[in-house]
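Single chain ahead, by itself, as structure tokens, in the form predicted on its own.
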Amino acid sequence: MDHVQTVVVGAGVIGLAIARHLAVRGHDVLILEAEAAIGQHTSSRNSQVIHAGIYYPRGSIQQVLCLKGKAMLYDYCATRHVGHARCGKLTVAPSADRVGELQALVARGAANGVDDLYVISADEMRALEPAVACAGAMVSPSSGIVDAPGLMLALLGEAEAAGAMLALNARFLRAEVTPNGFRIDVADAAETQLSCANLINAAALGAWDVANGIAGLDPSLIPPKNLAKGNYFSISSASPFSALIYPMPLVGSLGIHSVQDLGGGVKFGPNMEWVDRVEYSVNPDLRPVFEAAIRDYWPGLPDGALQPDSAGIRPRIWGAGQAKREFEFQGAATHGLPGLVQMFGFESPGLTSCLAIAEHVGGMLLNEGT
């Protein structure tokens, strides 16, 4: 039976960032990915936005990791030539009676350490974004976009250069605790057994399946699983905007916003609906809902221009009508199993925070001496 120091389950952007972080620090790392390619779910089915860190509760792990991760990600992309753009984000007030809310958002961001936010008038907004209709806007200069597939390839390349190995079509089945760590069964071309000292559950949508397969783990520690689907529509013409355009935030959502791509195109989304399975089709009947939301800030949207584009599923540990919960890390202090790191509820700003998350997980293992 083969032995490896650290097994990372999940080759999304967070799993790959963790594998890279550990490999370049001397860990012997194996990445298990159930799909035939990396990043097939949450990591590639999102807005690809680099978030500033405005809305997360002050002092929360999401707020801390987002701010740290944003700086790390911009530096990483610049030095590794990963496609990205610090295009900025404009949050628009649709009417004069809501302009005051923009200053409240600036204050909220400043309290979180985002100190470059400011409000502009409708005239200033027209000069920046002639296609946008609003009574004023908040400018977030440090928001941007990143080529998520390119980022994942860069992370994988550095991990492999440091000795990490990637196994595709390799589904984690179960694990047992042993005196030296874990014995793992993997469904690949043949059912394989291996052992490891450290087991990192970074499987995102599959994190619950991994957790339920670990013998000896108290099942009461596994949080509830809720799936939130977000759909996107796009237009075939070039983007009418130079920055990201966001409506005023909603409870539990940032609303249907414009999503620039590095090639000059644009899509719009996501909406949010609770679902009970992972399924990525986009219902064209949602078009009128999207048209109405987009025309609140882009009245020039041509009739019939929107086409179904893509969808993503967020793995949430909170559900409809419940208080929003942040990232959940579980180490030995939680479950009593040294070397096991469980991660649940990793949605936005997971992409922005991926390098900081990797550093955090590395610190959890270091503190355990594994």
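One rule holds for the numbers: they count along the sequence shown, beginning at 1. If you're wondering where the values come from, they're calculated on a predicted model, not measured in any experiment.
The discussion below concerns the form predicted in complex with a small molecule, not included here.
- Between the small molecule and the residues 171, 183, 225, 108, the one pair within 4.5 Å by heavy atoms in the predicted bound form involves 171.
- In the predicted bound form, the small molecule sits within 4.5 Å of a heavy atom of residue 43.
- Although the partner is absent here, residue 256 is not a contact residue: none of its heavy atoms lies within 4.5 angstroms of the small molecule in the predicted bound form.
- Using a 4.5 Å cutoff between non-hydrogen atoms, residue 13 counts as a contact of the small molecule in the predicted bound form.
- In the predicted bound form, at least one heavy atom of residue 203 sits within 4.5 Å of the small molecule.
- Using a 4.5 Å heavy atom cutoff, 33, 47 and 210 all lie near the small molecule in the predicted bound form.
- With the small molecule left out of view, the stretch that reaches within 4.5 Å of it through heavy atoms in the predicted bound form is, among 298-306, 341-349, 22-30, 57-65, 341-349.
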